[in-house]
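One chain follows as structure tokens, the form predicted on its own.
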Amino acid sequence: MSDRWDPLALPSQDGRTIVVTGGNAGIGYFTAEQLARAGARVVLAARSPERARTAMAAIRRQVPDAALDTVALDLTALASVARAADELRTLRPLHALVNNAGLVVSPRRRETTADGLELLTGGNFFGHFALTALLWPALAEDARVVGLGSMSTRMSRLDPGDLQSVRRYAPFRAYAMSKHLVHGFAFELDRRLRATGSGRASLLAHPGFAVTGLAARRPGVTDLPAGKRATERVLFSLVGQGKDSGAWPVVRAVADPDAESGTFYGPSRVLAGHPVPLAPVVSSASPVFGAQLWSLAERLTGVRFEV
């Protein structure tokens, strides 16, 4: 697998249907736009139908012939996940599922989802686990599942005994814990696919330090007050990148024909740069943790996922 990849010259995605959760904003929006430009039919699964329509209009201003659909999805409510999965299955075969949506700003105090799960882990991981399981029969034989990882896993240690921050809650710790779960799921799914000889693939990608102020402007999607945009450009231009560039590792995981299951993509300079394969955090890539996490996710979501 070559480290050389041109994110501005994607291979054709004609004939492929790709679901992007949270495709209405941020990394998800630019992932959807870039894949649509390459010819994919992109389904934006988003909590707000209005924001999804705004995002589709923005994509069509860039890609007039874009093939787009939208499905309502709230990952913090398992009933919504089930409804969205029912609707998405009618679009089969699905060639890629990008589990992008997620909460980044944590509440100051511990909160729970409609199903009693800690808010960050519930929205960033457990909802995606249930969605992936429910969509599994609708995925193409060579489909890819791409998780959105984070370098926060290197800054906050995995605590397998307190994944939902019951004993101790801190906002950044809760976010990092949710991303440890995303990592653990991606690598455990890869192991199970390899064990069965499946043609499907599980990959992981992280966007680096990606901010809106450095991204290409998309009215209604990347709007910022002029002062905040200027501040972000001054503070972060040397170390970060726009969210359009932050989407590159995700898009490579979806579109690179040579990408192998189990690969973790991220920026070449850690926080910014072209997408290249990276080494994961050892703890969340552990087979022991992966097996425990899978069992826990089935129990807490009530969704069996047999691979």
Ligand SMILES: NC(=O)c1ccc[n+]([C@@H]2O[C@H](COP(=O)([O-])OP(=O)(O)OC[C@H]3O[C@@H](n4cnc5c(N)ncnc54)[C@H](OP(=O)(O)O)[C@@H]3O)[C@@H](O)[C@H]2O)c1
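Computed from a predicted structure; not experimentally measured. Residue positions are given as counts along the sequence shown, with the first one as 1.
What follows is about the form predicted together with the named molecule, which we do not show.
The candidate stretches are 133-141, 89-97, 166-174, 102-110, and the one lying within 4.5 Å of the named molecule in the predicted complex by heavy atoms is 102-110. When contacts are judged by a 4.5 Å heavy atom cut-off, A297 does not count as touching the named molecule in the predicted complex. The closest non-hydrogen atom of D74 lies within 4.5 Å of the named molecule in the predicted complex. At the 4.5 Å threshold, heavy atoms of F209 reach the named molecule in the predicted complex.
Interface residue remark: G26 is counted as part of the site for the named molecule in the predicted complex, having a heavy atom within 4.5 Å.
Shown here without the named molecule, the chain has only K243 in 228-263 lying with a heavy atom within 4.5 Å of that partner in the predicted complex.
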